Structures are given as structure tokens and as C-alpha cells.
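Coming up is one lone chain in C-alpha cells, specifically the form predicted alone.
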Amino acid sequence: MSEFTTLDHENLSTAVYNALCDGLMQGRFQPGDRLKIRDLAEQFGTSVTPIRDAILRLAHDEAITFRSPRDIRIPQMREARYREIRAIRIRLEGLAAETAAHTATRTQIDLLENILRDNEKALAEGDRRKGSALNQSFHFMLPQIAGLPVLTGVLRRLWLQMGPLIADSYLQGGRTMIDYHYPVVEALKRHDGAGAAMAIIDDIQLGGQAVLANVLAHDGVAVNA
């Protein structure tokens, strides 16, 4: 379980919820992890009430499984659900990349390249958590560059479910988790919308093979070579 900064905020429930959302999207948790309300309250420096409220919101988001107050877990994703989310991500993140290619500034492209450099370092050091967080940052920079805040909100809900799975697959995926990001950046430099969309689709489909393999392994399905 990761450490969280103690919060000093009048709306603790929302603050805790947002912090846990970031943790899920950035890979601080993995499928099967058990969340303990009292442990989280101690880490956040709060009572159990805002933790419980945040947990219930995450259960509504389908990001966690709330079986009982003593059995709260990050769920394992089934194949059908993974493929559905992947299909939605292809359409939405493709739109984000295509739009971003038409609006990206040199400064914004530099930020993406900085993320890639940091991601290379995390990958070389075998830092799963940092690499997963940087991967999420790269993907979310695209709708930000595109100026699509509503799309960002939709993607957040999908990534609440995908973040732990991607993190669990990150080291297994190796270079495939980052190699397909480079063509995205090159397409943005050319202001090539179609090229950027295809590059992010390749990342989700081809770069995500390790993620799919992970899903199939836990779903009891043999992975074909």
C-alpha cells in the first residue's frame, strides 16, 4: 500500500476520492489489492468517514469491488470488459490525439518528450509505479493539449479501471509500454491528425498486448503465441 500525504481540506471526502482516483489511474494499486478503511484513514490522517464515502464513490465508478466493509478490493478484469474498454479507448483517445495534432505547440510537445525521457529512465530502473504514472500522464496530456475537458472526464472513469491492470502488466510489457508513444509525438510535430490517431491506436492495441495477456491469464484462458 502506498503512502499518501496527510490532507487538510474542508471537503475531505472529495479530497480523499480524488487522491484515490489518482492512485488508481497511476498504478499505485494492482488487481487483487485489498483496501482497508482504517489503514487508509491513518495514511490520510483523517477519520474513517471520508474514507468510507470515497470508497462508496469508487464502487459506484466500478473501480473497486465493495463486498463488505472488511472486503474491499481492486477487481481482476475479465476479458470481455477489457475488450469493451479498449474499443472505447481507441475511439476516444484516437480523437484526442487527432485533435491534439492540430493544436499542439512546441512547448506542449516538449512536455510530452520530457515525459518520455522520464519514462525511459523508470523503465530502465524497473520502477513499475513511476513508469505507470508517467504512462498515464502521457495519455492524459493528449486531451489536455486538444482542449477537450469533457473527454478527459470520460477517460478518467475508464482509467480508474485500467490503471491497476496496466501497472500490473507494466514490467512484463517492457519496451512495448513506451515504444509506440514516439510515433505519437512525431505525428504531433508534423500536425498529422490521422497519423497521431493511428499511433495512439497502435499503442493501445499493440503496446497493450502484455495487458491483454495478463487479463487472459487471470481469466483462465490460454494465451496464444
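Model, not experiment: these values are computed from the prediction. Position 1 is the first residue in the sequence shown; the rest follow in order.
The same protein has a further form, the form predicted together with the DNA, not shown here; the description that follows concerns it.
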{"query": "One residue of 48, 171, 198, 59 in contact with the DNA, assessed in the model of the complex (non-hydrogen atom, 4.5 angstroms)", "finding": "48"}
{"query": "4.5 angstroms heavy atom contact with the DNA in the model of the complex for residue 34", "finding": "yes"}
{"query": "is_contact(residue 182, the DNA) in the model of the complex, heavy atom dist at most 4.5 Å", "finding": "no"}
{"query": "Distance check, residue 38 to the DNA in the model of the complex, heavy atom within 4.5 Å", "finding": "yes"}
{"query": "Touches the DNA in the model of the complex: residue 12 (any heavy atom, 4.5 Å)", "finding": "yes"}
{"query": "Contact segment among 25-33, 39-47, 155-163, 186-194, judged by heavy atoms lying within 4.5 Å of the DNA in the model of the complex", "finding": "39-47"}
